[in-house]
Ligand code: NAD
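Only one chain is shown below, in C-alpha coordinates, and it's the form predicted alone.
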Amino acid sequence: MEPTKLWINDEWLDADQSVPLYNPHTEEQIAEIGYASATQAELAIAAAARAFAVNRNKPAYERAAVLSRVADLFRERHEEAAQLVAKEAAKPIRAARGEIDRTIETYQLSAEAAKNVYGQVIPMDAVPGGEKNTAYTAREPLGVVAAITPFNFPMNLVAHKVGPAIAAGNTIVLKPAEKTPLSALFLAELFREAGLPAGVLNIIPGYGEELSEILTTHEQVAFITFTGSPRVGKLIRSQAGLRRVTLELGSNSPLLIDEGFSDQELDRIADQAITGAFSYNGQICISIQRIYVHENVYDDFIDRMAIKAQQLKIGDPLEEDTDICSLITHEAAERLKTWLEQAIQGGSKIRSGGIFINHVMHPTILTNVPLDAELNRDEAFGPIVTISPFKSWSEAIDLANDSQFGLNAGAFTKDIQRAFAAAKGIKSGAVLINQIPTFRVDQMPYGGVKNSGSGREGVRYAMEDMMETKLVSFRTGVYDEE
(Lines give C-alpha, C1' and ligand atoms only; values in the text may rest on other atoms or scores of the structure.)
Protein backbone atom coordinates (compact mmCIF):
# COMPACT_ATOMS: atom_id res chain seq x y z
CA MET A 1 0.00 0.00 0.00
CA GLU A 2 1.16 3.52 -0.78
CA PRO A 3 1.47 5.56 2.41
CA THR A 4 -0.95 8.42 2.90
CA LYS A 5 0.55 11.90 2.86
CA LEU A 6 0.48 14.93 5.11
CA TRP A 7 -1.76 17.89 4.28
CA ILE A 8 0.33 21.04 4.73
CA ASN A 9 -0.31 24.41 3.10
CA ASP A 10 -2.84 22.96 0.64
CA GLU A 11 -0.40 20.32 -0.60
CA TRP A 12 0.07 16.60 -0.07
CA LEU A 13 3.58 16.03 1.25
CA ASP A 14 5.43 12.76 1.82
CA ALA A 15 5.78 11.86 5.47
CA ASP A 16 9.10 10.96 7.07
CA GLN A 17 7.78 7.55 8.18
CA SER A 18 4.76 5.30 7.82
CA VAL A 19 2.88 2.78 9.95
CA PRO A 20 0.16 0.25 9.07
CA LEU A 21 -3.45 0.92 10.03
CA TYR A 22 -5.70 -2.03 10.87
CA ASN A 23 -9.44 -2.50 10.99
CA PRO A 24 -10.05 -3.09 14.74
CA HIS A 25 -12.75 -5.69 14.10
CA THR A 26 -11.25 -7.81 11.30
CA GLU A 27 -7.61 -6.96 12.12
CA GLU A 28 -6.95 -6.61 8.40
CA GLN A 29 -4.66 -3.82 7.23
CA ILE A 30 -6.68 -1.09 5.57
CA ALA A 31 -4.01 1.56 4.95
CA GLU A 32 -0.41 2.62 5.36
CA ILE A 33 -0.39 5.96 7.17
CA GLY A 34 2.28 8.58 6.69
CA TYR A 35 3.38 9.95 10.07
CA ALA A 36 4.79 13.43 10.53
CA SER A 37 8.07 14.11 12.28
CA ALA A 38 8.56 16.99 14.70
CA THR A 39 10.26 18.90 11.88
CA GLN A 40 7.23 18.42 9.63
CA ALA A 41 4.95 19.53 12.47
CA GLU A 42 6.97 22.75 12.55
CA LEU A 43 6.37 23.15 8.80
CA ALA A 44 2.63 22.80 9.40
CA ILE A 45 2.71 25.37 12.21
CA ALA A 46 4.68 27.80 10.04
CA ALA A 47 2.16 27.37 7.19
CA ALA A 48 -0.71 28.02 9.59
CA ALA A 49 1.02 31.12 10.99
CA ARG A 50 1.53 32.55 7.50
CA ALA A 51 -2.07 31.83 6.58
CA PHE A 52 -3.33 33.50 9.76
CA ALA A 53 -1.81 36.81 8.73
CA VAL A 54 -4.20 36.76 5.76
CA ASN A 55 -7.11 34.72 7.10
CA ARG A 56 -7.76 36.89 10.14
CA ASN A 57 -8.90 39.67 7.79
CA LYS A 58 -11.18 37.49 5.67
CA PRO A 59 -14.80 38.65 5.84
CA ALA A 60 -17.02 36.56 8.07
CA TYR A 61 -19.36 35.71 5.21
CA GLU A 62 -16.47 34.10 3.30
CA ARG A 63 -15.56 31.88 6.25
CA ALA A 64 -19.23 31.01 6.67
CA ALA A 65 -19.55 30.12 2.99
CA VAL A 66 -16.62 27.68 3.20
CA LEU A 67 -18.04 25.95 6.27
CA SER A 68 -21.51 25.75 4.77
CA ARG A 69 -20.06 24.24 1.60
CA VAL A 70 -18.21 21.63 3.65
CA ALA A 71 -21.52 20.68 5.26
CA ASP A 72 -23.02 20.30 1.77
CA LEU A 73 -20.11 18.14 0.64
CA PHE A 74 -20.60 15.87 3.65
CA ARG A 75 -24.22 15.48 2.65
CA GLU A 76 -23.16 14.48 -0.86
CA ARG A 77 -20.59 11.97 0.44
CA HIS A 78 -22.50 10.88 3.51
CA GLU A 79 -22.31 7.12 3.01
CA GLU A 80 -18.66 7.22 1.96
CA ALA A 81 -17.79 9.09 5.15
CA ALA A 82 -19.84 6.72 7.31
CA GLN A 83 -18.23 3.64 5.79
CA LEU A 84 -14.81 5.13 6.47
CA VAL A 85 -15.65 5.67 10.15
CA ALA A 86 -17.11 2.17 10.44
CA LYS A 87 -13.98 0.57 9.00
CA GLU A 88 -11.21 2.45 10.81
CA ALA A 89 -12.98 2.98 14.15
CA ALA A 90 -15.02 -0.28 14.24
CA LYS A 91 -18.15 1.80 14.82
CA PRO A 92 -21.46 0.09 13.95
CA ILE A 93 -22.59 1.51 10.64
CA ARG A 94 -25.84 2.96 11.98
CA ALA A 95 -23.88 4.83 14.65
CA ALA A 96 -21.35 5.93 12.02
CA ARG A 97 -24.15 7.39 9.90
CA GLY A 98 -25.45 9.18 12.97
CA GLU A 99 -22.01 10.66 13.53
CA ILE A 100 -21.93 12.02 9.98
CA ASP A 101 -25.36 13.58 10.53
CA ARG A 102 -23.98 15.36 13.57
CA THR A 103 -20.80 16.34 11.71
CA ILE A 104 -22.94 18.10 9.12
CA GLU A 105 -24.80 19.92 11.88
CA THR A 106 -21.55 20.98 13.55
CA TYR A 107 -20.14 22.52 10.37
CA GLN A 108 -23.48 24.19 9.62
CA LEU A 109 -23.65 25.60 13.15
CA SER A 110 -20.08 26.86 12.67
CA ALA A 111 -21.06 28.56 9.43
CA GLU A 112 -23.92 30.35 11.16
CA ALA A 113 -21.79 31.30 14.16
CA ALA A 114 -19.12 32.83 11.91
CA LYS A 115 -21.60 35.52 10.91
CA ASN A 116 -22.69 36.29 14.46
CA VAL A 117 -19.62 37.41 16.38
CA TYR A 118 -20.58 40.37 18.54
CA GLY A 119 -18.92 42.64 21.06
CA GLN A 120 -20.53 44.87 23.68
CA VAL A 121 -20.93 48.58 24.34
CA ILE A 122 -19.47 49.39 27.76
CA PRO A 123 -21.32 52.05 29.84
CA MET A 124 -18.19 54.01 30.76
CA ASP A 125 -20.12 56.75 32.55
CA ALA A 126 -21.46 54.26 35.08
CA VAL A 127 -18.66 55.35 37.42
CA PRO A 128 -17.10 58.78 38.13
CA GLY A 129 -14.31 59.53 35.73
CA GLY A 130 -15.85 57.57 32.87
CA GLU A 131 -17.62 60.56 31.38
CA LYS A 132 -16.68 61.54 27.85
CA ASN A 133 -15.45 58.03 27.11
CA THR A 134 -17.21 55.72 24.70
CA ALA A 135 -16.09 52.08 24.61
CA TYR A 136 -16.90 48.77 23.06
CA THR A 137 -15.40 45.30 22.92
CA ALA A 138 -14.29 43.48 19.79
CA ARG A 139 -13.70 39.74 19.41
CA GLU A 140 -10.52 38.81 17.54
CA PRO A 141 -9.04 35.41 16.59
CA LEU A 142 -6.06 34.17 18.58
CA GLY A 143 -3.93 32.68 15.82
CA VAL A 144 -2.73 29.12 15.25
CA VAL A 145 -4.87 26.45 16.92
CA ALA A 146 -3.26 23.07 17.66
CA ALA A 147 -6.00 20.43 17.75
CA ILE A 148 -5.41 16.91 19.05
CA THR A 149 -8.41 14.64 18.59
CA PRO A 150 -9.57 11.18 19.79
CA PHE A 151 -10.57 8.02 17.95
CA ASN A 152 -14.14 7.60 19.12
CA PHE A 153 -15.79 10.36 17.02
CA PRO A 154 -13.19 10.86 14.30
CA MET A 155 -15.42 13.08 12.16
CA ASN A 156 -17.58 15.01 14.63
CA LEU A 157 -15.05 15.69 17.38
CA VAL A 158 -12.67 16.92 14.69
CA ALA A 159 -15.49 19.16 13.45
CA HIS A 160 -15.90 20.54 16.97
CA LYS A 161 -12.36 21.85 16.81
CA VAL A 162 -11.93 22.69 13.12
CA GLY A 163 -15.35 24.32 12.62
CA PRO A 164 -15.16 26.87 15.47
CA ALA A 165 -11.49 27.63 14.75
CA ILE A 166 -12.24 28.57 11.14
CA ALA A 167 -15.46 30.39 12.08
CA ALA A 168 -13.48 32.55 14.51
CA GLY A 169 -10.82 33.38 11.90
CA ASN A 170 -8.03 31.18 13.26
CA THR A 171 -5.89 28.63 11.43
CA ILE A 172 -5.40 25.01 12.51
CA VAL A 173 -2.86 22.25 12.77
CA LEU A 174 -4.76 19.02 13.34
CA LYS A 175 -3.17 15.88 14.77
CA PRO A 176 -5.79 13.12 14.60
CA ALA A 177 -5.89 9.99 16.75
CA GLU A 178 -3.42 7.33 15.70
CA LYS A 179 -6.26 4.82 15.30
CA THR A 180 -8.43 7.01 13.06
CA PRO A 181 -6.32 9.22 10.77
CA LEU A 182 -8.23 8.50 7.55
CA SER A 183 -11.32 10.37 8.71
CA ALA A 184 -9.23 13.48 9.33
CA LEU A 185 -7.39 13.23 6.01
CA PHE A 186 -10.80 12.94 4.32
CA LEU A 187 -11.38 16.57 5.32
CA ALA A 188 -8.53 17.90 3.20
CA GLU A 189 -10.19 17.38 -0.15
CA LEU A 190 -13.53 18.64 1.17
CA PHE A 191 -12.09 21.90 2.45
CA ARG A 192 -10.04 22.36 -0.71
CA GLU A 193 -13.18 21.91 -2.83
CA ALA A 194 -15.04 24.28 -0.52
CA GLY A 195 -12.46 27.02 -1.21
CA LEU A 196 -10.55 27.21 2.07
CA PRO A 197 -7.37 29.28 1.60
CA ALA A 198 -4.05 27.46 1.67
CA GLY A 199 -2.53 26.90 5.09
CA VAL A 200 -5.70 27.47 7.10
CA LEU A 201 -6.10 23.72 7.73
CA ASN A 202 -3.10 21.41 8.06
CA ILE A 203 -3.43 17.71 8.92
CA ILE A 204 -0.48 15.77 10.32
CA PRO A 205 -1.04 12.22 11.59
CA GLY A 206 1.71 11.02 13.88
CA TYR A 207 2.75 9.63 17.22
CA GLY A 208 1.46 11.67 20.13
CA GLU A 209 4.62 11.33 22.14
CA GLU A 210 6.65 12.65 19.19
CA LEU A 211 4.43 15.58 18.19
CA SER A 212 2.84 16.64 21.46
CA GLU A 213 5.64 18.85 22.71
CA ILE A 214 6.11 20.79 19.48
CA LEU A 215 2.33 21.34 19.17
CA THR A 216 2.01 22.56 22.75
CA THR A 217 5.18 24.65 23.13
CA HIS A 218 5.85 26.20 19.71
CA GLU A 219 5.92 30.00 19.99
CA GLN A 220 3.51 30.39 17.05
CA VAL A 221 0.81 28.17 18.59
CA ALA A 222 -1.72 30.37 20.40
CA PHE A 223 -4.35 27.86 21.51
CA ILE A 224 -4.45 24.12 22.21
CA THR A 225 -7.59 22.00 22.17
CA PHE A 226 -7.32 18.38 23.25
CA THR A 227 -9.73 15.50 23.80
CA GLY A 228 -8.29 12.41 25.46
CA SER A 229 -7.07 10.99 28.74
CA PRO A 230 -6.50 12.95 31.98
CA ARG A 231 -2.88 11.77 32.04
CA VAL A 232 -2.12 13.33 28.65
CA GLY A 233 -4.28 16.36 29.41
CA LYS A 234 -2.23 17.15 32.50
CA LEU A 235 0.96 16.81 30.46
CA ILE A 236 -0.37 19.20 27.83
CA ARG A 237 -1.39 21.67 30.53
CA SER A 238 2.14 21.59 31.97
CA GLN A 239 3.71 22.10 28.54
CA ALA A 240 1.38 24.85 27.36
CA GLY A 241 2.57 27.56 29.71
CA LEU A 242 0.40 30.68 29.37
CA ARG A 243 -1.31 29.52 26.21
CA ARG A 244 -5.02 28.98 26.37
CA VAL A 245 -6.02 25.35 26.58
CA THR A 246 -9.32 23.48 26.32
CA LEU A 247 -9.16 19.96 27.75
CA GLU A 248 -11.99 17.46 27.36
CA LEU A 249 -10.81 14.51 29.41
CA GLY A 250 -12.22 11.44 31.16
CA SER A 251 -15.52 10.58 32.79
CA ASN A 252 -17.51 7.81 34.43
CA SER A 253 -20.93 9.37 34.04
CA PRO A 254 -23.57 8.65 36.69
CA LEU A 255 -27.30 8.17 36.13
CA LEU A 256 -29.75 8.53 39.03
CA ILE A 257 -33.17 6.84 38.82
CA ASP A 258 -35.83 7.76 41.38
CA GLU A 259 -38.90 5.78 42.44
CA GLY A 260 -42.43 6.67 41.35
CA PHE A 261 -42.34 5.56 37.71
CA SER A 262 -44.90 3.25 36.13
CA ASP A 263 -43.82 -0.04 34.58
CA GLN A 264 -44.02 1.48 31.11
CA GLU A 265 -42.01 4.53 32.16
CA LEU A 266 -39.37 2.43 33.88
CA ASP A 267 -39.10 0.30 30.76
CA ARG A 268 -38.51 3.38 28.62
CA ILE A 269 -35.85 4.61 31.04
CA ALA A 270 -34.18 1.19 30.79
CA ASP A 271 -34.19 1.48 26.98
CA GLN A 272 -32.47 4.84 27.21
CA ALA A 273 -29.99 3.56 29.77
CA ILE A 274 -29.07 0.68 27.44
CA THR A 275 -28.41 3.21 24.69
CA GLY A 276 -26.38 5.41 27.01
CA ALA A 277 -24.28 2.57 28.40
CA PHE A 278 -23.61 0.48 25.30
CA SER A 279 -23.68 2.72 22.22
CA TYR A 280 -20.41 2.35 20.31
CA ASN A 281 -19.33 -0.32 22.79
CA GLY A 282 -19.34 2.23 25.60
CA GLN A 283 -16.42 4.09 23.98
CA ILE A 284 -18.02 7.49 24.48
CA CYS A 285 -16.73 10.09 26.93
CA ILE A 286 -20.22 10.49 28.45
CA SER A 287 -21.20 6.83 28.32
CA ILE A 288 -23.21 5.78 31.38
CA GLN A 289 -20.87 3.88 33.68
CA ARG A 290 -22.58 4.11 37.08
CA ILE A 291 -26.34 3.78 37.62
CA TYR A 292 -27.88 4.49 41.03
CA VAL A 293 -31.47 3.25 41.43
CA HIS A 294 -33.91 3.80 44.30
CA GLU A 295 -34.12 0.61 46.36
CA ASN A 296 -37.88 0.32 45.74
CA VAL A 297 -37.37 -0.24 41.99
CA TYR A 298 -33.80 -1.55 42.05
CA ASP A 299 -34.44 -5.26 41.36
CA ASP A 300 -37.12 -4.52 38.75
CA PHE A 301 -34.82 -2.13 36.90
CA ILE A 302 -31.90 -4.57 36.87
CA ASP A 303 -34.11 -7.30 35.39
CA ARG A 304 -35.24 -4.97 32.61
CA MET A 305 -31.68 -3.85 31.85
CA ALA A 306 -30.36 -7.42 31.75
CA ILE A 307 -33.03 -8.58 29.31
CA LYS A 308 -32.43 -5.63 27.01
CA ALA A 309 -28.64 -5.99 27.12
CA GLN A 310 -28.90 -9.63 26.06
CA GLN A 311 -30.97 -8.59 23.03
CA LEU A 312 -28.20 -6.41 21.58
CA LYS A 313 -26.72 -7.82 18.38
CA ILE A 314 -22.99 -8.56 18.35
CA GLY A 315 -21.46 -8.57 14.88
CA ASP A 316 -19.42 -6.87 12.18
CA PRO A 317 -19.63 -3.06 12.28
CA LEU A 318 -20.60 -2.97 8.60
CA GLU A 319 -23.70 -5.12 9.16
CA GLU A 320 -26.86 -3.05 9.39
CA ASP A 321 -28.20 -4.66 12.57
CA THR A 322 -24.97 -4.69 14.61
CA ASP A 323 -25.08 -3.02 18.02
CA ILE A 324 -21.83 -4.26 19.58
CA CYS A 325 -18.50 -5.05 17.93
CA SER A 326 -14.82 -5.04 18.82
CA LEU A 327 -13.18 -2.55 21.11
CA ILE A 328 -10.61 -0.29 19.53
CA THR A 329 -7.61 -2.41 20.64
CA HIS A 330 -6.67 -5.68 22.30
CA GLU A 331 -5.15 -3.60 25.11
CA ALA A 332 -8.52 -1.99 25.84
CA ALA A 333 -10.15 -5.41 26.07
CA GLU A 334 -7.42 -6.79 28.33
CA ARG A 335 -7.72 -3.83 30.69
CA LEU A 336 -11.48 -4.32 31.01
CA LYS A 337 -11.04 -8.05 31.50
CA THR A 338 -8.65 -7.36 34.38
CA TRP A 339 -10.99 -4.81 35.97
CA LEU A 340 -13.91 -7.22 35.66
CA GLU A 341 -11.97 -10.07 37.28
CA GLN A 342 -10.91 -7.82 40.14
CA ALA A 343 -14.48 -6.64 40.69
CA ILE A 344 -15.74 -10.23 40.83
CA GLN A 345 -13.02 -11.11 43.33
CA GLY A 346 -14.31 -8.21 45.42
CA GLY A 347 -17.83 -9.64 45.49
CA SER A 348 -19.43 -8.18 42.34
CA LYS A 349 -22.16 -10.12 40.53
CA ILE A 350 -22.54 -10.38 36.75
CA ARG A 351 -26.16 -9.85 35.76
CA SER A 352 -25.50 -9.90 32.02
CA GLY A 353 -22.49 -10.32 29.75
CA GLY A 354 -19.02 -10.66 31.19
CA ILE A 355 -17.92 -12.59 28.10
CA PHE A 356 -14.92 -11.73 25.91
CA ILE A 357 -14.30 -13.11 22.42
CA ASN A 358 -10.95 -11.78 21.25
CA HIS A 359 -11.41 -8.05 21.85
CA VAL A 360 -15.21 -8.06 21.62
CA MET A 361 -16.78 -7.59 25.05
CA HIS A 362 -20.42 -8.58 25.45
CA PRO A 363 -22.50 -5.79 27.04
CA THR A 364 -22.00 -6.30 30.76
CA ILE A 365 -24.06 -5.33 33.80
CA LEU A 366 -22.58 -5.65 37.28
CA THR A 367 -24.11 -5.31 40.75
CA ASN A 368 -22.57 -5.28 44.23
CA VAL A 369 -19.51 -3.51 42.88
CA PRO A 370 -17.29 -2.11 45.67
CA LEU A 371 -17.15 1.68 45.68
CA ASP A 372 -13.36 1.57 45.40
CA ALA A 373 -13.29 -0.81 42.40
CA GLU A 374 -11.77 0.53 39.17
CA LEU A 375 -15.13 0.11 37.46
CA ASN A 376 -16.57 2.71 39.84
CA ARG A 377 -13.51 4.93 40.22
CA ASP A 378 -11.91 5.16 36.76
CA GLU A 379 -13.11 5.49 33.18
CA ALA A 380 -14.00 2.08 31.70
CA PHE A 381 -14.51 3.22 28.09
CA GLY A 382 -16.17 -0.07 27.26
CA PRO A 383 -19.58 -1.78 27.24
CA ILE A 384 -19.91 -2.20 30.99
CA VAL A 385 -22.12 -0.54 33.61
CA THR A 386 -22.46 -0.90 37.37
CA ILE A 387 -25.86 -0.64 39.10
CA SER A 388 -26.23 0.16 42.79
CA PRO A 389 -29.21 0.95 45.07
CA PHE A 390 -29.83 4.04 47.19
CA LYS A 391 -32.27 4.85 49.97
CA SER A 392 -32.49 8.64 49.82
CA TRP A 393 -32.06 11.22 47.06
CA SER A 394 -29.31 12.99 48.98
CA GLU A 395 -27.42 9.68 49.16
CA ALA A 396 -27.80 9.31 45.38
CA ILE A 397 -26.32 12.79 44.82
CA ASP A 398 -23.41 11.95 47.13
CA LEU A 399 -22.77 8.73 45.19
CA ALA A 400 -22.82 10.63 41.88
CA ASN A 401 -20.26 13.07 43.27
CA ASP A 402 -17.99 10.32 44.62
CA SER A 403 -15.78 10.50 41.54
CA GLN A 404 -12.63 12.19 40.30
CA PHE A 405 -14.63 13.15 37.19
CA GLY A 406 -17.47 15.53 36.44
CA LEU A 407 -18.47 15.72 32.77
CA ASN A 408 -22.18 14.86 32.32
CA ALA A 409 -24.65 13.43 34.82
CA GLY A 410 -28.27 12.39 34.37
CA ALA A 411 -31.20 12.08 36.76
CA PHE A 412 -34.73 10.71 36.24
CA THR A 413 -37.30 11.92 38.77
CA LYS A 414 -40.90 13.17 38.86
CA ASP A 415 -40.24 15.20 42.00
CA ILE A 416 -39.43 18.82 41.12
CA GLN A 417 -37.64 19.38 44.43
CA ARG A 418 -35.38 16.40 43.80
CA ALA A 419 -34.78 17.59 40.24
CA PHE A 420 -33.55 20.97 41.50
CA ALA A 421 -31.52 19.29 44.24
CA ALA A 422 -29.73 17.19 41.60
CA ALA A 423 -29.21 20.17 39.32
CA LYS A 424 -27.63 22.17 42.13
CA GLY A 425 -25.91 19.40 44.05
CA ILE A 426 -24.20 17.29 41.38
CA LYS A 427 -20.71 18.56 40.62
CA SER A 428 -20.58 18.18 36.86
CA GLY A 429 -20.23 20.20 33.69
CA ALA A 430 -23.81 19.31 32.82
CA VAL A 431 -26.73 17.88 34.78
CA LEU A 432 -29.47 16.51 32.54
CA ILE A 433 -32.86 16.04 34.19
CA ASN A 434 -35.03 13.21 32.86
CA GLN A 435 -32.33 12.51 30.30
CA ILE A 436 -29.35 10.17 30.11
CA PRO A 437 -25.90 11.76 30.54
CA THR A 438 -24.89 10.42 27.11
CA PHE A 439 -27.23 12.95 25.49
CA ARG A 440 -25.48 15.67 23.54
CA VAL A 441 -26.50 18.03 20.78
CA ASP A 442 -23.77 20.01 19.11
CA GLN A 443 -24.75 23.57 20.02
CA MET A 444 -24.77 22.94 23.79
CA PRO A 445 -21.80 23.84 26.00
CA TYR A 446 -19.83 20.67 26.65
CA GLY A 447 -17.03 20.20 29.11
CA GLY A 448 -16.31 19.15 32.64
CA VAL A 449 -14.96 19.88 36.09
CA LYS A 450 -12.42 18.07 38.28
CA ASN A 451 -10.41 15.56 36.20
CA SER A 452 -12.85 15.86 33.32
CA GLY A 453 -11.00 18.92 32.10
CA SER A 454 -11.45 22.64 31.56
CA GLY A 455 -12.96 24.91 28.95
CA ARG A 456 -16.02 24.17 26.85
CA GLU A 457 -16.81 22.79 23.42
CA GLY A 458 -20.03 23.41 21.54
CA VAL A 459 -19.56 25.70 18.56
CA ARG A 460 -20.17 29.13 20.10
CA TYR A 461 -18.52 28.23 23.39
CA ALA A 462 -15.44 26.88 21.63
CA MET A 463 -15.27 30.05 19.54
CA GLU A 464 -15.29 32.17 22.68
CA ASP A 465 -12.26 30.29 23.97
CA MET A 466 -10.55 30.69 20.59
CA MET A 467 -10.98 34.47 20.49
CA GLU A 468 -9.56 37.42 22.41
CA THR A 469 -11.69 40.21 23.83
CA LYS A 470 -10.24 43.61 22.97
CA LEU A 471 -11.48 46.83 24.53
CA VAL A 472 -11.61 49.89 22.27
CA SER A 473 -12.26 53.24 23.98
CA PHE A 474 -12.72 56.73 22.53
CA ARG A 475 -12.32 59.82 24.64
CA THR A 476 -14.35 62.75 23.40
CA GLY A 477 -14.14 66.44 24.18
CA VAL A 478 -10.36 66.35 24.53
CA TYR A 479 -9.91 69.70 22.77
CA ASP A 480 -12.96 71.43 24.12
CA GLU A 481 -12.29 74.66 25.97
CA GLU A 482 -12.70 74.39 29.70
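Residue numbers here begin at 1 and follow the sequence given. In this text the structure is predicted, and so the values were computed from the model without any measurement.
There is also a form predicted together with this ligand; it is not shown, and the following applies to it.
Only one of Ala177, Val200, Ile269, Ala114 lies close to this ligand in the model of the complex, with a heavy atom inside 4.5 Å, and it is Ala177. Though this ligand is absent from this view, in the model of the complex it lies within 4.5 Å of a heavy atom of just one residue from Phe381, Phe186, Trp339, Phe301, which is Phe381. The candidate spot formed by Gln40, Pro141 and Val173 is out of contact with this ligand in the model of the complex: none of the three has a heavy atom within 4.5 Å.
Proximity of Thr227 to this ligand in the model of the complex: non-hydrogen atoms within 4.5 Å are present. Using a 4.5 angstroms threshold between heavy atoms, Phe151 counts as touching this ligand in the model of the complex. Among residues of the shown chain, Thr106 is not one whose heavy atoms approach this ligand to within 4.5 Å in the model of the complex. For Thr322, no non-hydrogen atom is located within 4.5 Å of this ligand in the model of the complex, even though that partner is not displayed. Stretch 203-211 is the answer when you ask which of 388-396, 126-134, 203-211, 94-102 has residues with heavy atoms within 4.5 Å of this ligand in the model of the complex.
Counting a residue when any of its non-hydrogen atoms is within 4.5 Å of this ligand in the model of the complex, the one hit in 392-408 is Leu407.
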